[in-house]
Every structure is written in structure tokens, then in C-alpha cells.
Ligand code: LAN
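Taking the form predicted on its own, here's one chain by itself in C-alpha cells.
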Amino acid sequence: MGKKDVTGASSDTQPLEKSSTKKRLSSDLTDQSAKRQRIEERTDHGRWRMRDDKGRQSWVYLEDDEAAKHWPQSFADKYFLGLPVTAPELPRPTNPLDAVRNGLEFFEKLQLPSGHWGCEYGGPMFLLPCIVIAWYVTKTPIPWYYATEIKNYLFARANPEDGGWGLHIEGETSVFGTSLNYTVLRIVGVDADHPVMVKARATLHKMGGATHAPHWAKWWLAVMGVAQWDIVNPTPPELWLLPDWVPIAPWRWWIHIRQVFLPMSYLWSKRWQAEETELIRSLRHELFAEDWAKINWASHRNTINPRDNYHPKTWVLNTVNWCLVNIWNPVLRTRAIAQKGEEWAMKLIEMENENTDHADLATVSGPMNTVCLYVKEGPDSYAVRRHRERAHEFLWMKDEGLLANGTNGVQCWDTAFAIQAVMDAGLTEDPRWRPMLMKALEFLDDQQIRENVKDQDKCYRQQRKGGWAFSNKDQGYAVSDCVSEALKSVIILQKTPGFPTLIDDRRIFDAIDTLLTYQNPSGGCSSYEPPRAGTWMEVLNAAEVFGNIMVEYEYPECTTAVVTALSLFHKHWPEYRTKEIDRFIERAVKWIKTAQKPHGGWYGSWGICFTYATMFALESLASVGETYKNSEYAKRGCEFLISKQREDGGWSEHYRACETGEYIEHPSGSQVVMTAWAVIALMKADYPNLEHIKRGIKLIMDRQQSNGEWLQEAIEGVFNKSCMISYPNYKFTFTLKALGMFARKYPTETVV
């Protein structure tokens, strides 16, 4: 570990100087992989602190008593860690507005110093292995307290029946999750004969062992040297040399898959492997069901356990891979072509680093890029050291242990929804909540992206000036719904008496200019950028565990967010790009109608599932005056939701609905977040039978705790159809929104 600063934090969390080389670091790292990793039973959770540096979140462990005394734990720290918090018991609410006030009393305490709300953004079980394996192969020291709590988290999340791990925390055991998380546990110091490991290893072998893992797992194991590169299907970097007009050129792919493919292709071409260690030699025997020395690696490129094979490779992709392996690589691929592809791939990685200050897009591509830079530049380079530093921002500490978030946070996203929840309750002018809202507005002011990226066209990036990212401006990827929700929140507050105008008209117009670039020819809106190729590109989907990953798609959620943001803007600035905005909204709502399913609902791609998307779709229709009374689309949407209401008044949709495309009830019963989504949708659509709405509102109120909070229930989010992800703040923001909307819309109605 490095030296401590005055707070007791390790020096590797302090800003680096670009000119510094720190030769000492190299010698410290040389034999790291050969050393025995220190690991304990657990850490003292009273020593963990969340550092909030203008929206950059990182967890710090204070080993020094004086440092811990100097920096006491906050309410939010304790809440995130599952420690007892001092939150007074509040008067029992007699109406929904009182419940909103109680909820805000608690939720306000979770606001972090920079003005945002942070939380866990975990769920996927392949994220932590990306970081830990990258640390291992780059000989990055793992602090004992990280190792200990990584072990505790993975132990806590092992399947209680078979001991394995799945694609996500609620998923069934898979080779993907088990092979990689078993590897992580060995890296952080858990012995192979530990009962948890014996059980997991037996399950892994029953599923065929690591030869039956999907492509991404095989790639990581090849990088480690635990597997040979012949088991990895080809990912040639020279694809990046294709002219832009070529239909399959990588710049046309969805942003996440192309940012993952970049480092994958670089290291595949280099066929680089980590220095062999005793652990690597041991894993070669532990992870495989057959004799490692006798494995025909090439014969297992397409071997995969059925449980991992959510999106089987198409005959087209198999044919392409066969041609690459048998014709392109041995006959046509010259070293000059390969080197040129590697150089351009590295250039694109370097541009990604420059445009994100080495945070990179997300938790898969970032660690992969770290390894690429380590291979190219060595351990002492600024880029490698900065990547190591920024990796801390993707980790999250909770009661179960240390996990990896899907990105470097949810800062802008959740802050926007928090502001809107207060607005929906009509409390923005209440002096009680002004300090909280002022801090949130200042945060969004600070986090607005003020410029487009350098070399925007060269690195295939979308316009972003005036936008907001999902997490923070360092990550810097504007997303259509993130821009929209943040913009709505800014306009709401800046048009409220007593709030200053921090973001002037020109900056507001910048956001609108960027939003207007997101509409697709169909009228709908995608996430990061309009689609650059058709859905036929999915025939080249090599990820196996994910669906809808190759290109952008239109989403009811994103489309609605943009429609409502443009509508709110148009109300206050009716002269700016009027015709374009009117036309945008008209086309977007038409697309919303075409996306309605025969049963009346809409499929959700970012939340579970039909409940989530139907809420947004009905809001879109309401924004143009279409409700249950006058719109067949809105009526069918309402009737779909009513048909799913449970006897207790709530709604409960299982994540498997995202996988199957059919509504599936959650076996645990009504979920407070989904109930909020449903009643919000019904209120937006002016559903006439108020009793259904009141029953949902009553369930939300009944689930509220005496201190104002709601407890965590089932997982809420999803991406790429098959992987679930947590949005813990939704149990505050959407419940408060639902209660507040009811209080304003039906002020004389009683619920309790």
C-alpha cells in the first residue's frame, strides 16, 4: 500500500501528475503476483468512508485511528453500509403528501456533499472480475481491505444451492459467472480447498468447466494465460480499418460493444498473456473439467453451456469466424495489416482516455483498456497509473462487501429524478426543501457538458455539448434520456420563484440542440446516438449472453424523456426552433403508438419491464393530450396495467419478462417500485376508476417505514434483455413521485 494522506487514505487515490513516472512503483509491482495476498475475515465497517469529489465517488478505508476520528462517518456512509442510522421516528402520515414529506426527511440525509444522490449500481456479476483480473495481470497491488470485502461480497452472492454465480445477482448459476468469480476469489487470496471454492468448482465442472464459458470469459482467461488464445473466436483489430461506408464497420455498432471490441481486438491480435505464476498454473487445473495439457483449444471456440447461450451465434457469424480462422489469419493476414489495425485500435483507446480522463465508458471497457495500455506503455506510464486511480470510482462498498458498479455511478440520473419528485408533490417553493434542491441544482450546473469531444468525428462520437451524462461529466457520454431528465429538472427549478438562473439560455439551447440530434428515421429515440445500422447486425452478435447489443434501438423510455423535455422547454421558450420541435414531438408520439404490444403494454429495455416502459409511453401520449378518455392507445395501456394489478393493490413483474418478452409475475409478490410506476402511468393517462390507483397508493404508504424510508426489494433495472442491474434510489424517487402526483391531482381524496 502507498503512503497515507492526512485522512488516512491510500496515496493511490490522489491525483497524478502527467509528467511523473514514479519509478519506485515499477519495482513495488514486479513481484506482486508472486506474493501471498493478505485477506481477513472482514473489515471494520466503521472505518469506511464515501469520498465525494464533485461527483467523483470512491470508497476509502481508514486504517489509522486518528484519521477515522478526524473524518467521521456520515449518515449516508452508514446507510450504504447497512449500519444503524439515527433517523427519528416520524408521525404516521394520514395522507400521501405527509408520506412524501416523511420520505424526503429520510432521503435528504442521503444527499452527498456535492449535491447529488449516489447509490449502488451493481447487479451484473461479470463487472468485478474485469477490474480484479486487470489488476492481477498488470501486477497492481490489491489492498487487503479490498480483497477481504470482495471475498465477502462473492461469498454472500454465491447461489445457496449449488454455490455458483450467475450473469447477475438474481440469475441462475452460469459458467460465465462461476468461472470468472471463482478466479477473482483465488486472486484475492481464498484457498482452493475452502468449502465455498470446493462447492463452486464442483458446480463449474458439472456445467462443463471453463471450456463451456462464453466469449468474454474465454477472452479474460486467455489474457491471464489460464486458457490459450486458440479458444477465443477471432476479433481482428483490422476491422477498424474498414471504410466508413462498409455496412459492418465497427463505428456503426452500439457504443458499448464497440468500446469493448476495441481492447479485445488489440490483445487478441497481440496474443498477449500475463506472466505465468503459481496461481495461474493452479487455475489451469481448477477451472477445467478435463486435463489442461490435453485440451484441444481451437475445438472449444464455440463450446458453450446452454445456460449461458442466451443469444446463440448465427450461422452467418460461425461462417465468418471459420473464414477468419482458416483463410484470413493463416493466408491473407500480413503482419503489416495486423500492426496497422493494432495501431489504429490503440489510437482510438487513447482518444477514449483523453475524452474521459481515463474513466472510460464503463466497467468492462475501462479495465480492458488498462491492460492494453500496460502492454503498450508499461506499468509506469501516466495512462496506466491514471487508470488504476480511476478504477476506485467504479467500486461500491455495502453491507455484503465490495462490488463493482455498472458505471462510475448514477449521479446525474438519480439527482434529476429526485428534483422531479419534489416538483410533482408541489413542494419546490417550500422553504424546508430549498437548501436540498439548491445543492442539486448547483450539481447539475457543474455537471453539464460544455463542449463536444475532441476529434468527435474521428473517434465516432455523438454530439454532446449542453448535455448530461448518466454519471458525471468526467465520463462524459451524453445519453438522450439523461440529458432530458436533467434538463427538465433544471428548467423546473430555475422557473421556480426564489431559485437563481445558474444555467443561462444559451446553455439551455445547447442542450436542446443536442437533443434534436437523437431522433431516428422511425421517429423514436435511442440512448447514446441514433442507430448507425439496422437490426440485421445482430447476426454478428458474438457476446452470446446478451441480446440486442450490436446496434442502437428505439426505446419508449428514451423517446418519452426527450418528448417531455422538449414540451417543457417549448412552454418557456416558444420561439426557439419551434417547427423542428413540433415535428420532433409529432413523429416521436407516432412511433410510441407503433411500439405498443398487442396486449396494450410497451416493452422496457432499461427497467423491468412492461410496467416500466408503459409508464413512459402513457406519459408521452398524455403530453400531447391523449388519455384514457380520448385515445385508444392510452386506454389499452391502462387496461393492460389494470389487468396486472394484484389483490393487495400492487404490481409485481419478474425480470424474466425482459428475457422472454412476456409479462411474468414476481414470485415474491408486489414490488413498491413497480407499483409506483403503474400508478404514475394511470394518473398520467387520467384513468377514471380511482379505486385502482388508491389501492396502489395505499400499498406504497403501507410499505413506508416509520423513519420515512422504503426497504430494498427485488432488482429494478435491465440492459440488453438478459442482464439485470440495481437502481436502489428508485424506491425513493418513484414512490415519492407517485405519492406527490396523487396528492396534487386528487387533493380531497383519502387513502388511509
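The structure displayed is predicted, hence computed values, not measured ones. So that there is no doubt, residue numbering starts at 1 and follows the sequence shown.
What follows is about the form predicted together with the named molecule, which we do not show.
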query: The named molecule: the contacting residue among Y374, F126, W253, Y146 in the model of the complex [heavy atom, 4.5 Å]; finding: F126
query: Single option in I349, A440, L566, C482 placed near the named molecule in the model of the complex, where near means a heavy atom within 4.5 Å; finding: C482
query: Interface segment, criterion being heavy atoms within 4.5 Å of the named molecule in the model of the complex, picked from 99 to 107, 272 to 280, 637 to 645, 402 to 410; finding: 402 to 410
query: V260, S527 and W606 each touching the named molecule in the model of the complex (heavy atom, 4.5 Å); finding: yes
query: Contact flag, V364 vs the named molecule in the model of the complex, heavy atom cut 4.5 Å; finding: yes
query: Exercise: W651 in contact with the named molecule in the model of the complex, heavy atom 4.5 Å; finding: no
query: The named molecule contact at I725 in the model of the complex, heavy atom, 4.5 Å; finding: yes
query: Distance check, W396 to the named molecule in the model of the complex, heavy atom within 4.5 Å; finding: no
query: Within 4.5 Å of the named molecule in the model of the complex: residues from 546 to 565 (heavy atom criterion); finding: F546, I549, C558
